[in-house]
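Given next, in structure tokens, is a single chain: the form predicted on its own.
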């Protein structure tokens, strides 16, 4: 068939990663453009696809089928996002159709432009008092609705009227017929923050360091083609957010848009509050994109961006795919956070994609952190990025005093608050909390472990009660008296006898945030306490409400996991207690020391952000660890110098790239043999300079009932290795029971 209005080359969205040509019917001339989602006929079915190119003709023009339908009224992918999808597919070695699928929220993909509707009612003429009196007798419901409309200024939505007049719907037809009112259908936006009130804020006077950083950002916004990505290394409390806000103000004045990424859902409420307060006159043009929104809210927020009604987008890692046009600035706050890495294919890193998108779309990119990733910091040291430093807190506030408490000595002394052999609060920390309560100051207690007890051991045979499907100990959750696996979520009643030797001598050990809360309530019965972890923050907006109460000083002590460790600003917090600084330090990962230092500096930064001086107590069994000592002195750059030297010796990132290949299946031998076979195939033609280890069990050897093995490859040049891996995977037939995955630039080796 000759195309009526040209030819569209489409990328199928299904499992077949095919690019095919279709004719564009005359009736859709001008409506089909690059980025438009369509449906096309394929083997007697209609399948979804994305237009990736428009052509004048095709070598198959006499046999072309026509596009069957158009999805949505506007293109769902900008040209910049399509270029980004191609980059992601090549770099992370994943089919482009999977990247395109990941770019759209499921609510948008499954129900495009499914908007809520409402009726806007308007009073045409106001009834005279005598008419209203007669109507009250003959048609009381009509009279009540007219009176309510008059009271509301002559107009209202039907949904608002129904709150006071449940029967409003039944009388509308009569009022319309008699000419009392008019009705218009309007779209209702499901705004997750529409009930919130934000007090306007004004720009603050910048310090000398803030001004220098701001000037550099604005120069990059004005001349993005000449600019490098910017790394803003600012200590906690140095005013990075104020630099963000003032830079975005200039971006908006220039008619451009801004994208702000935050790593944690817990940071989103406070970030949104700051932005909506600063941009109060245009707060409706701020869109929020993250996974804790309802499907309807995500749908409407995404379309707010796509339709050009939002010029600021705030969100977690998937917001890097927001369909913003005229991008002027991308900000990645807390850029070091591992949560920017997507765990499922495509396993992209949102921070790295921000840099790539900035290059592809010609916009400035600003990465901010008090503890940058060593990859970003090394890029700044070598000149790939421009390094901006802010070394002092605003208003001359000093950094909190960090005290290291050797828990080995505390255990020998036997003081403090203990459970068996596990000490929760040292005597010094308990005394410090008491002093804060007396002065009506606030305290944060941090522990990155959930639950009540973290282990259940047999005193007779030493057996640890583990999850049957995962190679991890089960954790006791006292609230519902269940052992819970924090990997697969399995739950069981705690046994009364050892599952192995059947002896009754079972002993609980370790402690999590639930146990800390119970202990703190016992020691400080007068204190107002809240716990923030994924067990307690189940209800929608519960996290936002809890943080708001803490900021309003309705709570004295906040206990939590990493959800409260970074980015939050509470001026009345003068004490932070880190209850076990060794949790991350003991992980079998070359990044363990870096993660420990970052977490300690970040959580310490929550103290002393107001007018009162802050103090931090770090409880540890490894007080002489370099990570803990450098964190004690807030010396990130000293740690980086030492750690980079170690990384260079072993060619670890940032001096090389890694690819982590994993196999998993229900049969241990089969999963191991599959990876061994793949190892042999990869050895043949391995690119020069690439180093491959031996297949070995993963640090988490079993999860969700599947045995896990892994193979690590290292190289200085990732693309040749990725191409080699792609060729081998395309040529090998894997057992259907075994799943093989690969992760380019993994952030965790577990």
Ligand code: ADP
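Residue numbers count along the first chain shown, from 1. Only a predicted model underlies this, so the values are computations on that prediction, with no experimental measurement involved.
Here the subject shifts to the form predicted in complex with the ligand, a form of this protein not shown in this document.
Chemist: At 4.5 Å between heavy atoms, only one of the stretches 304-312, 456-464, 234-242, 529-537 reaches the ligand in the predicted complex; which one is it?
Modeler: Comparing against the ligand in the predicted complex, the contact stretch is 234-242.
Chemist: In the predicted complex, does residue 569 have a heavy atom within 4.5 Å of the ligand?
Modeler: Result yes; residue 569 sits at the interface with the ligand in the predicted complex.
Chemist: In the predicted complex, is there a heavy atom of the ligand that lies within 4.5 Å of any heavy atom of residue 206, even though the partner is absent here?
Modeler: Yes, residue 206 is a contact residue.
Chemist: Flag residue 256 as yes or no: does it have a non-hydrogen atom within 4.5 angstroms of any non-hydrogen atom of the ligand in the predicted complex?
Modeler: No, no contact at 4.5 Å.
Chemist: Could you tell me if residue 144 has a non-hydrogen atom within 4.5 Å of the ligand in the predicted complex?
Modeler: Contact with the ligand, no.
Chemist: Quick one: from 378, 448, 625, 394, grab the residue that has a heavy atom within 4.5 Å of the ligand in the predicted complex.
Modeler: Of 378, 448, 625, 394, the residue with a heavy atom within 4.5 Å of the ligand in the predicted complex is 394.
Chemist: With the ligand left out of view, choose which of 475, 210, 342, 674 has a non-hydrogen atom within 4.5 angstroms of it in the predicted complex.
Modeler: Spelling it out, the residue with a heavy atom inside the cut-off is 210.
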